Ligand SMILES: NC(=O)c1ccc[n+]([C@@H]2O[C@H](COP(=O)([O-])OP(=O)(O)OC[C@H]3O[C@@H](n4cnc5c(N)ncnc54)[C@H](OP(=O)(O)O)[C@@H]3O)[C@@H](O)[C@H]2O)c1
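This document opens with one chain alone, in structure tokens, the form predicted alone.
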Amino acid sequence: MKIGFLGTGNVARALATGWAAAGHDVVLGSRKPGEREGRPDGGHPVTGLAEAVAAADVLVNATPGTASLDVLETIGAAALADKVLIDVAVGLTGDMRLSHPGVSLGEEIQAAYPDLRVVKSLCTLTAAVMVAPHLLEGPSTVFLSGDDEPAKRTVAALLTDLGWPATSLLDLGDIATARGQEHFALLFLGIAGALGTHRFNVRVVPAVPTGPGTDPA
């Protein structure tokens, strides 16, 4: 599969390396590709954003969440139509507040580009853990949100290529559920401060079944 990245930062490079190792073709898309010469891009090709989008089956939004909509506008709706977009971005202000507290970035992207098949995922993890779940002590959970079921299946398959077992994947529902994923960024920062590291994840642990027809909630 051909995967085009919007962005060339740590997240884009980590995911590109992980999916390239799984046999996918990857390319990093930059707003200023000429300025990337001599910079460490993990050996992955770097092109302009339009070129990265045109060649890709699946796109990854790894731009800063405060800039994502502006970046997508430069590409245009026609070029984005029918593409699957894995949105891993979260918008944070300089004082570490959510830049879109009443709605998720994933929803904003989907509303702006209705023909784009947006799936929110991986935004609850740091880059190193996204591509190396074996770094964690035991199983944990990765979330998916989106309106397009085939797109979510495509993303789920790509997550398994990164080493996430199917039992770790939790489909939260439509794109509106991306709000919960993005708001987790605030808790993520608190946990990271308490642990002294960003290399962790959470696990959803269901209640022990108590019998047919019962719901202790």
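The first residue of the shown sequence is 1; numbering continues from there. Because the structure is predicted, anything quoted here is derived from the model rather than measured.
Just so you know, the form predicted together with the ligand exists too; it's not on screen, but the next bit is about it.
**Student:** Would Pro64 show up as a contact with the ligand in the model of the complex if we use heavy atoms at 4.5 Å?
**Tutor:** Contact with the ligand, yes.
**Student:** Answer yes if any heavy atom of Val142 is within 4.5 Å of a heavy atom of the ligand in the model of the complex; otherwise answer no.
**Tutor:** No, Val142 is distant from the partner.
**Student:** Is Ser30 close enough to touch the ligand in the model of the complex, meaning at least one heavy atom pair within 4.5 Å?
**Tutor:** The answer is yes: Ser30 has a heavy atom within 4.5 Å of the ligand.
**Student:** Please tell me whether any heavy atom belonging to Gly7 falls inside 4.5 Å of a heavy atom of the ligand, as the geometry stands in the model of the complex.
**Tutor:** Yes - in the model of the complex, heavy atoms of Gly7 and the ligand come within 4.5 Å of each other.
**Student:** So, Val119, Ala151 and Ala156: all three within 4.5 Å of the ligand in the model of the complex by heavy atoms, or not?
**Tutor:** Looking in the model of the complex, the three residues Val119, Ala151 and Ala156 all stay beyond 4.5 Å of the ligand (heavy atoms).
**Student:** Tell me the stretch among 143-151, 122-130, 107-115, 76-84 that has any heavy atom within 4.5 angstroms of the ligand in the model of the complex.
**Tutor:** Looking at the partner contacts, the answer comes out as 122-130.
**Student:** At a 4.5 angstroms cut-off on non-hydrogen atoms, which residues of 70-98 are near the ligand in the model of the complex? List them in order.
**Tutor:** Residues within 4.5 Å: Val71, Val88, Ala89, Val90.
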